[in-house]
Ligand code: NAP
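Shown here is one chain on its own, the form predicted alone, set out as structure tokens.
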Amino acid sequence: MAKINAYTTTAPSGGIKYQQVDIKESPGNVSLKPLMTGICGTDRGIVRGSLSFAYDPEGYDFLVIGHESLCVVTDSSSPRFKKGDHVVPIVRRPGDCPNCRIGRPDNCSDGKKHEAGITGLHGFMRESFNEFDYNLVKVNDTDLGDVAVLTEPMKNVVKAFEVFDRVRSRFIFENVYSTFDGKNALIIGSGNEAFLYSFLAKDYGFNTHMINRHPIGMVPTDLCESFGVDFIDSSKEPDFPEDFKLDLIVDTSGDPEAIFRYLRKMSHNGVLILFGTNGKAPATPVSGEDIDFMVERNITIAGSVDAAEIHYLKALDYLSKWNRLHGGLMKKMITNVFQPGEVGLFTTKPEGEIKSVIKWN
């Protein structure tokens, strides 16, 4: 057993501590030290005790939290990695189902997968750990720097757009020129993944709108303007004109009221991607007219969770491209940097946050 400092919770009941814990050393062939670990809504949901699907690893009465990490290799017996390489650990580990066996644990069909820092597997918010090389993705672009910590959230976005590409094939979704020009996308929420979804929607060619019930600060505004994303503060501005139609909605909030509010603005053959989770969100009534609306317009609703190695690789490609095209503006998505030991950031979201990270010494 190795005693190390780590952020721990008790899943699914919640709570957060920074403490020394004894963890059985992994037999992995690559030794890692975290450089940065990101904090996201899932982490805060586990700490609040609002995500019932989280659970401790077998044999432990705690869970090391954290699934977004950029690490440096400190030792390696793998031919794929050498000391000093920067890597991103893969979060979801396969179970026994056919999807898991072909390298797609993101589509696990028997629920026997594990997710680091979430379901039955210790996460990355600790001083050091070992991994097998097949659970690591190398960051080849040295110019990315700290931006590479966004790989984990970005791979979720890439996976969700893969889902979008699959489900839109049931009809001709593009315009008469086979592009998305003139199509409207709405991203609900303004967390870091909402920005990444908005940026990829713009890459696809959508007129892209991001909406939330509060204003955003100067840095988020600069990001939206640089990418050509229209931000709407729904507490102050009218949503959309009566005849305005949405072709794609991605929800990052997990708020049923917001989802059904904008679903009624969808055009025929629209696609709604559900990504956000919020087990404590208030219930929202769904009427027969809502069902009629969805059926008569061929609207597709699809959930999307996690991703596979291929999505991590594509995520790094997108981050590299955007980092080059936007003059390093992507680094400004990291709005708050904390030292190990601070715990308040798990219970109180810093004002103006896009992405908060813990920087390990």
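This structure is a prediction, so every number in the text was calculated from the model and none was measured. Start at 1 and count along the sequence shown; that's the residue number.
Below, we turn to the form predicted in complex with this ligand, even though it does not appear here.
>> I'd like to know if D56 sits close to this ligand in the predicted complex, meaning any non-hydrogen atom pair within 4.5 angstroms.
In response: So D56 does not count as contacting this ligand.
>> Contact with this ligand in the predicted complex for S304, defined as at least one heavy atom pair within 4.5 Å: yes or no?
In response: Because a heavy atom of S304 falls inside 4.5 Å of this ligand in the predicted complex, the answer is yes.
> Looking at the partner-bound form in the predicted complex, is N212 within 4.5 Å of this ligand by any heavy atom?
Replying inline: Result yes; N212 sits at the interface with this ligand in the predicted complex.
>> Residue-level contact is defined here as any heavy atom of the residue lying within 4.5 Å of this ligand in the predicted complex; does G276 satisfy this criterion?
In response: G276: contacts this ligand in the predicted complex.
> Though this ligand is not shown, can you say which of L248, A201, I188, V91 has a heavy atom within 4.5 Å of it in the predicted complex?
Replying inline: Looking at the other structure, the residue within range turns out to be I188.
> Which residue among G28, G38, G41, P34 has a heavy atom within 4.5 angstroms of this ligand in the predicted complex?
Replying inline: None of the other options qualify; the answer is G41.
> Do heavy atoms from each of N156, N192 and D255 fall within 4.5 Å of this ligand in the predicted complex?
Replying inline: Checked in the predicted complex: all three residues contact this ligand.
>> Given a 4.5 Å cut-off on heavy atoms, tell me which of 78-86, 220-228, 204-212, 161-169 is the interface stretch with this ligand in the predicted complex.
In response: Checking each option against the 4.5 Å cut-off leaves 204-212.
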